[in-house]
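Before any questions on binding or motion, here is one chain by itself as structure tokens, the form predicted on its own.
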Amino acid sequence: MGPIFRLTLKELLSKKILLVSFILTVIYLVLYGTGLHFINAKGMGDMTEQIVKLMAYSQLISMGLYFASFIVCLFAVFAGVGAISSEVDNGVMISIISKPVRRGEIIVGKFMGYAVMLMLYSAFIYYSIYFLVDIMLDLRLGGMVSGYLLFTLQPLVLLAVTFWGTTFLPTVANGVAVFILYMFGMIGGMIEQIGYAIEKTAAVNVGIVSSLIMPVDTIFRQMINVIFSQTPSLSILNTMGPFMSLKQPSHWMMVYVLIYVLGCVFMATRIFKAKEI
């Protein structure tokens, strides 16, 4: 498993997708930081203006984290979409499995290599937003560690699903399927929040089902709850806006997410072991 892990990291570092993603992420952060700079309302003084300012800040922060999550999730899909299928198609996998290494070790080693890269990439963009908010808005966000763990859990979920798909689907089909599944989960999560807002149980149930199928949006809502609840000046605003959460996900849902990731990797291992190459 160790050699596969190291080779995967080396392969990822040599791919242009990492460089391109990094450059585009820097552009996104520059744009976001510029927006924070010009929207910073330092001149507001009375109580009403302070409340308006905090409401605006809460939306900017949640929006920045939402699109940052979108970026790292897309990176997870496009980076891992052909982790197995492309190597089977070009014949590289034949040379790998001919060596004294188990197929399960190939899946787990590759998954760990991609996961480490995603965690580093997620740390870069998450803490960049964290410090941009601190510098530009003079606002210290809470949940520095717990928020990051939830932030990086989102692309890991998609990576696990992508790895499952790459063992039995062609590369392009796998990418399309996982991306649609991701959008399905995000839209379902929004429907759930709207359902809570207008007290429509049917809409809430639709969101719950979509979260069980693809729980990425639930993780995001939990992350926002953690960050805002640990930021005193924003704690009362964690239920306002389209990127907030009207109801905090249960801890059992987070347990389900971990089982979900492990289950996808397990299924990928089982399918790959039975696959004829």
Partner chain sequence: MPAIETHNLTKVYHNNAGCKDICLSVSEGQVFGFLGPNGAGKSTFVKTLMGLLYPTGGRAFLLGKPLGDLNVRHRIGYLPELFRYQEWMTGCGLLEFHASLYKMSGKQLKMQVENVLERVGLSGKGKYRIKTYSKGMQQRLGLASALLPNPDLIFLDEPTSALDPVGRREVREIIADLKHEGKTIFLNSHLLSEVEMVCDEVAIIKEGQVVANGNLQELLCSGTEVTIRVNDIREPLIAILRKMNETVHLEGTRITALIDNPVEVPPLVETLVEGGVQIYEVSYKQQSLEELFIRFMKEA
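For clarity, every value in this text was computed on a predicted model and none was experimentally measured. Positions refer to the first chain, counted from 1.
Quick note: we don't show the form predicted in complex with its partner chain, though the next part is all about it.
- Each of 10, 97 and 274 places at least one heavy atom within 4.5 Å of its partner chain in the model of the complex.
- Per the 4.5 Å heavy atom criterion, its partner chain in the model of the complex is contacted by stretch 84 to 92, the sole one of 84 to 92, 185 to 193, 141 to 149, 114 to 122.
- At the 4.5 Å threshold, heavy atoms of residue 102 reach its partner chain in the model of the complex.
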